[in-house]
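Only one chain comes next, encoded as structure tokens, the form predicted on its own.
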Amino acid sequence: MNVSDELRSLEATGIYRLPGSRAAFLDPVRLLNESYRRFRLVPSAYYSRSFGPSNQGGDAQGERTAPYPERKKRKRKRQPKPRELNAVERIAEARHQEARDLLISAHKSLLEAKDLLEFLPGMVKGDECMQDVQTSSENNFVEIGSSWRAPLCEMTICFQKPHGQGEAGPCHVQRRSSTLFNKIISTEENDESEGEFQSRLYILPKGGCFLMTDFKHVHDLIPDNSNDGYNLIVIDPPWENGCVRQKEAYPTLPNRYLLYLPVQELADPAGALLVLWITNREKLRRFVEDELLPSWGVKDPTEFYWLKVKSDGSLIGDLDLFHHRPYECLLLGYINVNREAEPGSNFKFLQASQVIMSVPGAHSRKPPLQKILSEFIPGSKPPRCIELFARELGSGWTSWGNEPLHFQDSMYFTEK
């Protein structure tokens, strides 16, 4: 495929595979909008975080410089001498250096894709006026779910039903009420629904379900029949993090709690791909590799990277800045799959690290991964997918967490 074909692929599928590299660019809005027929996610609402312009991406005439130029000397306040890294930090820095060449190569491939770079500003802005996202008026599901009122809370779900046998005819609206917390809520198979709760409207994609509850109820997700287990398990834990505590972005969870997640019980006995988002802290990485993944039955994980860029193609920050890397890591591994055996015809084994690039949305909001990972997922097609610690829903997905409706608020959407 040539470059223009790749751009057409991005417009059609939300994925731009960069030629000659182990990297791809994602448009999360296009990928998420595949879950909806009557509504669509507004780009300007998704890309609500503002990242300032960068010389790294090039000048106004489109002249793109090398992505990692030598820094010019300039006058600045005297800074204290950098302290020497301790033993753990040196290991983290060595791990970064191992990934650096791959990340630089991926980013250079992005900067060389001229048609994609011209496309990005319009992709982020969209074709409508800036959506007014007033997050201060949102329902705080974490707070409500931990209060005495939680068992009394109900959501009214509105969905359209055709009058006749065919779906193309006129429809009428039906309503049903459901307990919001500590109960699995399933959405309609053929169309998205609208959920009403405390004067807010939530858009629910078709053919999925969610369980909004605290940690002790996660075992309610274990299928009654083990053959109904999940082929793709995505986990984005609220890791203990000083930056998150300072910003009070969301409550964190002690790392050892994750040892009690019933991951093996959720996995399809015929094989599952697990995806775990982790931070760049080396102590956490040790815990994950030495204790957490083995307790879940995951062996020999493969590391992927999410490299965050601005709408001009530049990185959101200095690649080598120790405490604020412009990328996040995700570990991928198999459960109930023998890597030594010949793979089945329905998927291929993970072989090497890859880089996923996108313009980030709100803090801690991750890009959707099912389509970009589809060739690596074992089991039947379409796969059964579950996300733990979810903050949004997907068509056909099971979503669990204490705020899976967070990004389903109607203020992020518009009607088609």
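Quick caveat: nothing in here was measured; it's all calculated off a predicted structure. Start at 1 with the first residue shown and count on from there.
This next part talks about the form predicted in complex with S-adenosylmethionine (SAM), which is not shown.
Taking the pose of S-adenosylmethionine (SAM) in the predicted bound form and superimposing the nearby C-alphas onto this chain, the site is open, with no ligand atom within 2.4 Å of backbone or C-beta atoms. Only one of 349-357, 37-45, 22-30, 381-389 places residue heavy atoms within 4.5 angstroms of S-adenosylmethionine (SAM) in the predicted bound form, namely 381-389. Checked against S-adenosylmethionine (SAM) in the predicted bound form, the residues Leu253, Leu284, Cys158, Leu201 give one hit for a heavy atom within 4.5 Å, which is Leu253. The listed set Pro301, Pro237, Gly208, Gly195 contains one residue whose heavy atoms approach S-adenosylmethionine (SAM) in the predicted bound form to within 4.5 Å, identified as Pro237. Residue contact check for Gln408: none of its heavy atoms lie within 4.5 Å of S-adenosylmethionine (SAM) in the predicted bound form.
Although the partner is absent here, Arg365 sits close enough that one of its heavy atoms falls within 4.5 Å of S-adenosylmethionine (SAM) in the predicted bound form. In the predicted bound form, S-adenosylmethionine (SAM) stays beyond 4.5 Å of every heavy atom belonging to Ser395. Interface residue remark: Tyr260 is not counted as part of the site for S-adenosylmethionine (SAM) in the predicted bound form, having no heavy atom within 4.5 Å. Residues from 210-228 that approach S-adenosylmethionine (SAM) in the predicted bound form with a non-hydrogen atom closer than or equal to 4.5 Å are Thr213, Asp214, Phe215, in the order they occur in the chain.
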